[in-house]
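For this one, two forms of the same chain are given in structure tokens, first as structure 1 and then as structure 2.
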Structure 1
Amino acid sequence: MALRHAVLAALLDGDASGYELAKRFDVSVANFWSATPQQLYRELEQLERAELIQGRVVEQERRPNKRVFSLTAAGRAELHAFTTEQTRPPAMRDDLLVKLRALDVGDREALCEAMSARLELSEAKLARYDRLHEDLLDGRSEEEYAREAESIGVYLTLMGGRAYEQANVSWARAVLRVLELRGS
């Protein structure tokens, strides 16, 4: 039941329709969870039945109506309860790691390309996170921000995303260096 809480947490950033949530999850501020639209719509239905969120139809001109959901008090309580529950260790599932482990029987060139693609992707994400970071700080120092800001949740997950992408970038560079050393 973790997607459930990821959805609730995402709604802390403001009410959203399924479609909007899907984009939030996709471009996700600090890539804190991933989910397909179908999963989200299903989860939203269940959450509404459980009265942890409440939907209302918003009529729009020039585009289809949408159902916008907001957290209920029960939803907030559920989120609070979730933060006190036991945390399970994160599950790492990265195709690239598997492929690299299979390098000895694998295709070196294909792996170089895959690795470069990862590098680019992570650099792009990192750049985005860095911009968001600047926006959040808004001129203040890290410490000022940490002390003063009203809400700190987004900031801390953003730091997580940045650390993760930085790790990806330096790892990808190291791997490419090694592959070049041995290639050719």
Structure 2
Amino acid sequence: MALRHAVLAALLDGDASGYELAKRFDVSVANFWSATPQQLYRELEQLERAELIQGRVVEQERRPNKRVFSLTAAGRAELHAFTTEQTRPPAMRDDLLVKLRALDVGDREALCEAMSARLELSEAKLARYDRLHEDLLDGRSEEEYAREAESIGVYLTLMGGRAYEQANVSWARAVLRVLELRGS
């Protein structure tokens, strides 16, 4: 998947400036795709040149004018075509896993610290995703939301992000238990 498809998918939630898109990206897309604001701005320029999005200037009082981007019919068609393409299996590249593999000749204390940091990060992300989940449901059951929601894609990706972080939390705790046993 290219960044272009993640940006186009984020614009399904409505028009956004580059800044708003970066914030939206951080909240709704970060659980499956990450990008820096600079990467997003470059991608917006390319998408506009390809006529997959359209930009317009919005005048603001007491603030500089901003450019707001919206998805074009060609952008929606691009997303539709993307959903029909064969999905590649994900590739895991995690330097912490390589460090754990090298533990037998490595620094156990440093790896305990790295695992503790990973656990803390995953717990924080999971808490954030849980808050987003509650906000999204807005008092409805998951079944009610699935039947009634106008858009279901955000919910499905949030489910994936939550499951991923739940697995990370469980794994990090298990690794720390094993490292503690080995350190005794």
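Every residue number counts along structure 1's sequence, beginning with 1. Under this definition, the rigid core comprises the largest set of C-alpha atoms superposing within 1.5 Å between the forms. From a predicted model like this one, the values you see are computed outputs, not experimental measurements.
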**Report entry** Displayed copy of the chain that is the form predicted in complex with a further copy of the same chain
**Finding:** 1
Query raised in the report: Does Asp135 move its CA by 2 angstroms or more between structures 1 and 2 when the core is aligned?
Result: no
Query - Post core alignment: Glu120 C-alpha displaced by 2 Å or more between structures 1 and 2 - result: no
Query raised in the report: Aligning on the rigid core, do we see the C-alpha of Val58 shift 2 angstroms or more between structures 1 and 2?
Result: yes
Report task. Quote the shift of the Cα of Pro37 between structures 1 and 2 to one decimal place in Å, the two forms being superposed on the rigid core. Result -> 2.7
